[in-house]
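As structure tokens, one chain now follows by itself in the form predicted alone.
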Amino acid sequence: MPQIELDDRQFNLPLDCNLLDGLLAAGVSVPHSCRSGHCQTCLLQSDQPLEQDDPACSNLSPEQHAEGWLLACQCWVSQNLILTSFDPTKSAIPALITGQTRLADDVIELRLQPRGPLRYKAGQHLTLWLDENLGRSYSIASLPEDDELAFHLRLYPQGAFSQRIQRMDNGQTIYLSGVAGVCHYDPDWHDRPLLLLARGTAIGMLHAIARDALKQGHSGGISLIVWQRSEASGYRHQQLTEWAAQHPQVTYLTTDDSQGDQLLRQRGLVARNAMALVCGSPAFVERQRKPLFMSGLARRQVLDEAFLGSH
């Protein structure tokens, strides 16, 4: 059985077992959330980097891979490993809380001021750490040139992160790590229609992508379509209506599950050369693939980001 050394503890784990599951079964408290390799809360550092194509490194940056980081939830034990836990106070960027605004009964906008260099594109996501054991991944709802970082957070009654962040005051420090995500604007799309499909707090990141596209001179038209239970449930409906009215090349629409498929099949809404960005729950993202395909979009024309809750 391979020997795993984590900080000052040693374990023997079964060959080919999942590293995160094995450590949790051994009584080790490893931070984790999505279990899909996207949130990067289960980062561990190996003394020897794994192969670049190893699943445990698939969603990491080249810099993270070179430093030996791996995702425990995507690592299958095949050899001895010497590992070090991720410490956000040493390996992440500190940021000051500058404000929290209630956007709906169960949604807040969290604003932060990073205390170090942070490179990102509108629409990407990163992990917010409240301490070394509590981190969650959230999509960025601001632009790099904005004065503050902004995130739209869904609040869960029993959510450890949700409850704690609301009790924190302006000026307190949290930590940022793991910028990632494929849903962001590409200047090469400047003359292609841009189709943005959102549900829930994905509204924030897709609105940021649309604003980024306009700042970069996008000329191909932008359609932002938001799925919601009712007009009243759309927590940014009034603001988005006013914003779209200021930009003739922007179309803003709302729909629901019963009408969404029909809406996407309307003549002229989904152009064959469009780029589609789809963000929301895993079920929502999966539901949009068929109507987009039936509208003539190839797989390479559809980028998606599934918002995964904590386990």
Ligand SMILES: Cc1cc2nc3c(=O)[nH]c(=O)nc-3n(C[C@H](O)[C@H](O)[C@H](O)COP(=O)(O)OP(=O)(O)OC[C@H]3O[C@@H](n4cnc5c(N)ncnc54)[C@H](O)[C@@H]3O)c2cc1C
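Note that residue numbering follows the sequence shown and begins at 1. Because the structure is a prediction, the values reported are computed rather than measured.
Quick note: we don't show the form predicted in complex with the ligand, though the next part is all about it.
Annotated contacts: R9, W69 and I82 are all free of the ligand in the predicted bound form [non-hydrogen atom within 4.5 angstroms]. Note on the partner interface in the predicted bound form: the residue among G220, G159, P94, P144 having a heavy atom within 4.5 angstroms of the ligand is G159. Though the partner is left out of this view, A208 does not reach within 4.5 Å of the ligand in the predicted bound form, counting heavy atoms only. Taking the partner from elsewhere, S177 is found to have every heavy atom lying beyond 4.5 Å of the ligand in the predicted bound form. Mapping the unseen interface onto this chain, S33 counts among the residues with a heavy atom inside 4.5 Å of the ligand in the predicted bound form. Using a 4.5 angstroms threshold between heavy atoms, H190 stays clear of the ligand in the predicted bound form. Of the candidate stretches 221-229, 160-168, 97-105, 190-198, only 160-168 contains residues with a heavy atom within 4.5 Å of the ligand in the predicted bound form. Although the ligand is not shown here, in the predicted bound form the stretch 123-150 places heavy atoms of H125, R136, S137, Y138, S139 within 4.5 Å of it, in sequence order.
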